[in-house]
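The chain below stands alone and is given as structure tokens, in the form predicted alone.
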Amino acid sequence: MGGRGRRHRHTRRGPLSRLGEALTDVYLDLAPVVLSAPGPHALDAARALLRAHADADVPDGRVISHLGLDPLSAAARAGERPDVADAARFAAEHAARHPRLGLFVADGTLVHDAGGSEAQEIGSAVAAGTAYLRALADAGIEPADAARRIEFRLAANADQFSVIAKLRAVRAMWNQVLEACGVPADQRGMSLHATTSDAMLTRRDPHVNMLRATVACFAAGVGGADAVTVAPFDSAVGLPDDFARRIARNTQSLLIEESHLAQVIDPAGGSFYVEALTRDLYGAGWAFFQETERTGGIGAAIEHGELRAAVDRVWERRRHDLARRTAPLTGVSEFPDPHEKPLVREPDPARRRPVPGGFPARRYAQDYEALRDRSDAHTAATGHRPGAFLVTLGPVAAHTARASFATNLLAAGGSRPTTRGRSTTRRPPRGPSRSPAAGSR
């Protein structure tokens, strides 16, 4: 989706020997395939993908898929020391024979999924792109050729204006990097792939995720993403079903075919708010990138824990706002359904499991959902849901707003408020009180 309307086919994790079988009916010279392979198996998966193209008799010059190499993110998630040189040498071996083959992914979703800010996300993505640019240059690939083989991957959430500004800002940042590398102006393009945010997805009231994904996909297209991946609405629950996958596919198809979102270049350009937000994000993202470079680059920041520490500080502030509902989550912390039956799905074998010492995968709703899970467990064990008696004092007009606030607050944590009748206060009598006997005389 976006300027070129390019789509990706993503393979799910499985035996590498079956990769060719999975791509049997795919026109590999027309549909680019992007690998997302875990670190230890990335090079083996890349070999399997190239072998699948050869088995399909795709000429070397028409191989347009992407190897998806990303040793920096793989090392960060595994809590290991990054090693880019081996992947760069492997990429250089195949780059000359496949002039249109994509090589590396500079993935900012690593930071986003851990709860980082937009500035940290684009700053770390540009730092990763710079590291891969250097590694490919050391392996013998010219900067201009290396730059066009790097795909940038960023997250798109339901905050549409920040997404639009983020994608516009990161293009300007990468342009400045390539200018410093001596790349001609007409060769400074950026391949930008936006994926809907995993962090924004909720397990509770998951159908709201369809609305979040629609807004995120729209924002990604308006921001100029070349490709967009929409996650199924039940991805946070488990293995998505056929309906969820169909809705995810149709979301971007409708935006492209019926809303003509891919036919306008930079539709947000000229908007004062978007331009100002783009400028601010550019400044903050560039400052984070420069700080990362000063400490030895993104590889050193990952190895020494500096990137993780910076992201954790932002996450704690974000978590504070979520806990106090100044950052609301529809269906979770706002307007929760206390009678909701949790959606059930099979476990997704492709979902990444956090490794001790590695970058975490956090979701904004996780703390509320933990409370709801505890409430469900208590209900299953005792037969009744945890509750609180809500005492309403005064007339209805005086207490309705406060009672509604308290009801939503308690329901967000899985508690069931009860109001058995209404308690009222009476105005005390004026003047000296008299006993019935005195009044009868």
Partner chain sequence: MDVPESGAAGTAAPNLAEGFPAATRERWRALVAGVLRKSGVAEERLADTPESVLATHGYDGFDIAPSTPPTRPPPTPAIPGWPPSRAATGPAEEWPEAGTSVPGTPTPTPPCCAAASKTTS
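The shown structure was predicted, so the numbers you read here are calculated from the model rather than taken from an experiment. Numbering follows the first chain given and starts at 1.
Only in words, not in the display: the form predicted together with its partner chain, which the text now covers.
Visitor: Only one of 125-133, 82-90, 316-324, 252-260 has heavy atoms within 4.5 Å of its partner chain in the predicted complex; I'd like to know which.
Guide: Single hit among the candidates: 316-324.
Visitor: Only one of H207, R97, R279, R351 has a non-hydrogen atom within 4.5 angstroms of its partner chain in the predicted complex; which is it?
Guide: Looking at the other structure, the residue within range turns out to be R279.
Visitor: Though its partner chain is not shown, can you say which of R188, R308, R345, R362 has a heavy atom within 4.5 Å of it in the predicted complex?
Guide: Selected residue: R188.
Visitor: Counting only non-hydrogen atoms and a 4.5 Å threshold, tell me whether A119, I265 and E275 all contact its partner chain in the predicted complex.
Guide: Spot residues vs its partner chain: full contact, yes.
Visitor: Check R245 for me: does it contact its partner chain in the predicted complex (non-hydrogen atoms, 4.5 angstroms)?
Guide: Although its partner chain is absent here, R245 would stay clear of it in the predicted complex, with no heavy atoms inside 4.5 Å.
Visitor: Even though the partner isn't displayed, in the predicted complex is T330 close enough to its partner chain, meaning a heavy atom within 4.5 Å?
Guide: Because no heavy atom of T330 falls inside 4.5 Å of its partner chain in the predicted complex, the answer is no.
Visitor: Is there a heavy atom of C181 no more than 4.5 Å from a heavy atom of its partner chain in the predicted complex?
Guide: C181 lies outside the contact set for its partner chain.
Visitor: Quick check on A78: any heavy atom within 4.5 Å of its partner chain in the predicted complex?
Guide: No, no contact at 4.5 Å.
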